[in-house]
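Next comes just one chain, in structure tokens: the form predicted alone.
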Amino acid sequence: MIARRDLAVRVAARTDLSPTCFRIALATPEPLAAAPGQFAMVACGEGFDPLLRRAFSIAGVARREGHTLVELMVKEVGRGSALLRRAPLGAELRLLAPLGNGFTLSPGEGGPLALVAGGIGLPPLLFAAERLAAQGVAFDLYLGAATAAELLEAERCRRAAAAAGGELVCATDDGSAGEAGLVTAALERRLETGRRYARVLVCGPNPMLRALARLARERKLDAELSLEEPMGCGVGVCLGCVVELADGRMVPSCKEGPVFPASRLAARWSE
């Protein structure tokens, strides 16, 4: 377990990725380690406005020129994310990280790994893809979005998959890029042709997570899902992100997740 830290950070860079999504790099002189699938709670404004921090999956951590750069990818959906998108370079914020439990990145038996990202579910899987590529672990990356304009970091994903000897499969709901239809369907088509995976790592909207949980149950796949439950504190105190497990227990996603084996989740996730 990597110990969490509450750090003062500054906005070092920001780039628009799509009409709704952007990448932001937060810099701190302090060292910080994180695993793919872990997340951060970010204070998006000064003082107590807004009162609660916002939870974002970590897309990467790098140590450069005496500073740690924490990369986040954010979709602007409300006041907190809007403030981050408009924060000037050099603005000082606070970041609590790393939080939660990440993906299992070790090689598995029976084939490469499959990474499946839907929309803004990409950040933890891009982090995983680049970590796996550096470790020489084979994987295919499935990248889905509603439209071509919302297909995030496709070229960066392609480079990571190619470095591991794998394939990038893109899919859009409207067929404007890659294969037409849901990214889960693109994965299922390849499974039907005999493609085998040792483990499937998934992050995206809840309907996509449920579809992957069903697929994992039907095909007896080892799957890990990164849940996107609303979080108020990030440390298991507020209980705003509880999820039901297969044994009937209710647990805080921020503390026991956000990554869960599909087999641990309640049956409703795979119905």
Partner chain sequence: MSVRMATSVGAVPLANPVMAASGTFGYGLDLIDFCPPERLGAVVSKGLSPRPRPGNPMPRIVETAAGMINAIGLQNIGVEAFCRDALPQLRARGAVVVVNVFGARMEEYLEVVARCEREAGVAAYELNVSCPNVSAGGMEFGHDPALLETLTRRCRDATRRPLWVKLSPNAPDLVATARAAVAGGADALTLINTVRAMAIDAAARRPVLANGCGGLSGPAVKPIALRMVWEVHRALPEVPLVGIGGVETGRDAAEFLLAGASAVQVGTATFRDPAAPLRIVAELERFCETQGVADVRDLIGGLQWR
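Note that the coordinates shown come from a computational prediction; the quantities given were computed from them, not determined experimentally. Residue numbers count along the first chain shown, from 1.
The form predicted in complex with its partner chain exists for this protein as well; it is not shown, and the discussion that follows is about that form.
- Heavy atoms within 4.5 Å of its partner chain in the predicted complex are found in exactly one of 31 to 39, 201 to 209, 65 to 73, 51 to 59, that being 51 to 59.
- This chain lacks the partner; the member of L227, A27, C233, L215 within 4.5 angstroms of its partner chain in the predicted complex by a non-hydrogen atom is C233.
- Of the heavy atoms in M250, some are within 4.5 Å of its partner chain in the predicted complex.
- Heavy atoms of C241 reach within 4.5 Å of its partner chain in the predicted complex, making it an interface residue.
- Taking the partner from the other structure, its partner chain in the predicted complex has a heavy atom within 4.5 Å of a heavy atom of R4.
- In the predicted complex, its partner chain sits within 4.5 Å of a heavy atom of L96.
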